[in-house]
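Taking the form predicted alone, here's one chain by itself in structure tokens.
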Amino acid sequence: MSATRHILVGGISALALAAAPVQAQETVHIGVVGPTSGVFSFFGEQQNMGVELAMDEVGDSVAGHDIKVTFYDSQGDPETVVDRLRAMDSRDDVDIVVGPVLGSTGLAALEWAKDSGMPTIISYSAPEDITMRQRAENVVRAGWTGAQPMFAFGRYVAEELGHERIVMVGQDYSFPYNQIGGFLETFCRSGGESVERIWHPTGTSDYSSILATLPEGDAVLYNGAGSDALSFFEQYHEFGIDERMPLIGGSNFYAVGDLPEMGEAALGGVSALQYAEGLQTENFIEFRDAFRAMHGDDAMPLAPAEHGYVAFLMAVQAVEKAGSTERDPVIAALRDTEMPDAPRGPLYLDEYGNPVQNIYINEVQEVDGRLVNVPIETYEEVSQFGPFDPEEYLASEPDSRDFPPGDCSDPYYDD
């Protein structure tokens, strides 16, 4: 696939009609960036599928502007994503950026956006400092931080499941650090006793040495995703450890794409995310059915697709509210985003530019012959700071492989 492709949106929606121009006079150019080649192409393809659905719903103009959309392939590489962003700004006259989706590329996009001033909507990339310590006025997010769903999960595991001692096995890089950091912050303050962390390099396929010496606890939490997670899941059951310790997951562990290979052994697995394929709200069902009508009956809109869909609507609605493509009014409108009818559930942006939104405790269930994540508990209006004061949270050191403390009796948790 080429690095870019251009689409002029066709069709008229209620949003476009609300602006009611007699004839579009100018163009709003939206650049969408994510990996459509390489090992992470699935995430970029899902984002783009969600964007394409939003394009179809929006129509061909907004606030007197034709809508032009260009898709750029980031290849999942930070240097490449910056090259694409530079091209958007200096060559292609892009007005608003949507994307990217990966952690490292999101941070690279943030650094570029700080210098360029381009209105940027990060769709799925989850490093918390994008909308925390390194935040920029022109950068907002349609998605989440790694800790955000885990604030709810830590509380749920301690209070509802009654687990006090957790053994965590996780991929050794920043996103899992942030996930377990959020978990610890609430687990330890909700009756938990300890979380023992065992890190492994990404790309691990043999867990025999870890599983043979796994400490005892009330449950094991696998903190990671992809082929590593699938290998761990299979070997965990082969060793029979599931018979004495249930296996719970980080936000991406029970990913729908892996559930067919996990099979019935995944039934009952719990995790937490701001999204669930098994939502039964009217807004979500309409979104899911429209997604399948566009992309095929077997297509499943996953979180990157819904986040791409929401990010694109945020861009269009900001132009509509601003009444122009001028950067300052568009940025102000973006930061004032509220979406009570988003497919995942209602959301609005906090003053730092990150959604405040529902977090779902999801359980793997079989629905219509298919394994999906179904919400069994909802925590409403969860902030990227969880239950904590933003200033106090930001004054603390960032999550790392050893912080916050794994011992819940540590004075850190005395507040």
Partner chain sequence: MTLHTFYFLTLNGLTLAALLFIMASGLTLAFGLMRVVNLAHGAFYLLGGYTGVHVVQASGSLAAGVLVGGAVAMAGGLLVERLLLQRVRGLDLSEALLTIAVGLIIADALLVAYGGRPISLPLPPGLRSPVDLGVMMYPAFRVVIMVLAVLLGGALWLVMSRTRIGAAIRAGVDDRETAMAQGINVPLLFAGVFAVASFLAGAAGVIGTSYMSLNQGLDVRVLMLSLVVIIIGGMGSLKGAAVGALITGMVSSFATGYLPQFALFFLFLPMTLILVFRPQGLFGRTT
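Everything numeric in this text was worked out from a predicted model, so none of it was measured. Residue numbers count along the first chain shown, from 1.
There is another form of this protein, the form predicted together with its partner chain, and it is not shown here; the text below is about that form.
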If you check in the model of the complex, is Ala212 within 4.5 Å of its partner chain, heavy atoms only?
-> yes
Does any heavy atom of Ser90 come within 4.5 Å of a heavy atom of its partner chain in the model of the complex?
-> no
Give a yes or no for Gly103: in the model of the complex, does one of its heavy atoms lie within 4.5 Å of a heavy atom belonging to its partner chain?
-> no
Contact between Met132 and its partner chain in the model of the complex at 4.5 Å, heavy atoms?
-> no
Counting non-hydrogen atoms within 4.5 angstroms of its partner chain in the model of the complex, say which of Gly59, Pro390, Pro346, Gly38 makes the cut.
-> Gly38
Interface residue in the model of the complex among Asp83, Glu137, Glu164, Asp172, criterion: non-hydrogen atom within 4.5 angstroms of its partner chain | Asp172
Is its partner chain in the model of the complex near all of Asp206, Gly226 and Glu261, within 4.5 Å of a heavy atom of each?
-> yes
Sort through 268 to 276, 337 to 345, 148 to 156, 237 to 245 and report the only stretch with a non-hydrogen atom within 4.5 Å of its partner chain in the model of the complex.
-> 237 to 245
Can you name the residues of 193 to 207 that have a heavy atom within 4.5 Å of its partner chain in the model of the complex?
-> Ile198, Trp199, His200, Pro201, Gly203, Ser205, Asp206
